[in-house]
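Presented below, as structure tokens, is a lone chain in the form predicted on its own.
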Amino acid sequence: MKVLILGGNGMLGPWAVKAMKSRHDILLTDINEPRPGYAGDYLKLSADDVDGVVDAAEGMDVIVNLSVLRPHRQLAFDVNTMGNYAMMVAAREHRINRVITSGPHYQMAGQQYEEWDFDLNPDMPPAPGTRLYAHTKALGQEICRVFSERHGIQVITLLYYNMKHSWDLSGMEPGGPEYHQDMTPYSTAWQDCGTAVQAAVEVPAERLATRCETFFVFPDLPHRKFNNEKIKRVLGWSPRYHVEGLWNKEFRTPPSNLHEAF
């Protein structure tokens, strides 16, 4: 398939590219240049550029929106909300049947859920709480839902929480920011985050109960705070790296050249 990726040079994009590059034709877009070693097609493009996204989507089978911006009020709205609007307009204009968007778990399960509830699942009524990031992402998800309802576009939303390297639990690059010395027990390895995007691209349409489906991308969690049954059952995704392995630091060897991972 021909896959357009918006915001593909951030934290998640390289792992999605790694999972799909030998299986699909990818057009990678971002406002930043690709990481060293990327040899595919690239277009400099902001996700909120409606006309640019429409042009880039011509001839595509799937659009994947991985764009994100957190702290700045105006830019967060432009990227997190308008980015999904641009994607949906492009899908409508070119009759693209499937789009995939991504975001944080708390655009669905905000503070009032996370602090007080148990066995949280992605089909609960959304309650994003008060964070700017959560609100702008949740609004973008609502735009997708409305377009899906009116134009029959299939929308798959992937929600993540606390992604980590399998080998050092730090940031994106060796020597990068160490978020804390250990990990919260919800962490998903970056490799598994990427294969979840691949699973969403490839899942047969008949396996989706509705045209607008949301999934939690989590490893198997013995405390069952969050429920990952749906993504395993519907998308056929299974995490390779489990919470006990990350906790015990079983996976300590990064690629000889980290960029080879991408």
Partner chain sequence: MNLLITSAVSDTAKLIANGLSGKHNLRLTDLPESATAGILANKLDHEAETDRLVADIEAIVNIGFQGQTGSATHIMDYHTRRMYNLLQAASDAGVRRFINISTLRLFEDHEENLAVTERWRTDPSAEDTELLGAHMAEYVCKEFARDRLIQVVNLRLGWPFDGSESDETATISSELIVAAVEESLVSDELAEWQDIHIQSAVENQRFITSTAAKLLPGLAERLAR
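Residue numbers count along the first chain shown, from 1. Note that the structure is a prediction, hence the values are computed from the model and not measured.
The same protein also exists as the form predicted in complex with its partner chain; that form is not shown, yet it is the one meant from here on.
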{"query": "Contact stretch among 114-122, 79-87, 157-165, 94-102 - heavy atom within 4.5 Å of its partner chain in the predicted complex", "finding": "79-87"}
{"query": "4.5 Å heavy atom contact, residue 138 to its partner chain in the predicted complex", "finding": "yes"}
{"query": "Its partner chain contact at residue 50 in the predicted complex, heavy atom, 4.5 Å", "finding": "yes"}
{"query": "Stretch 139-161: residues contacting its partner chain in the predicted complex, 4.5 Å heavy atom cut-off", "finding": "139, 142, 143, 145, 146, 147, 149, 150, 151"}
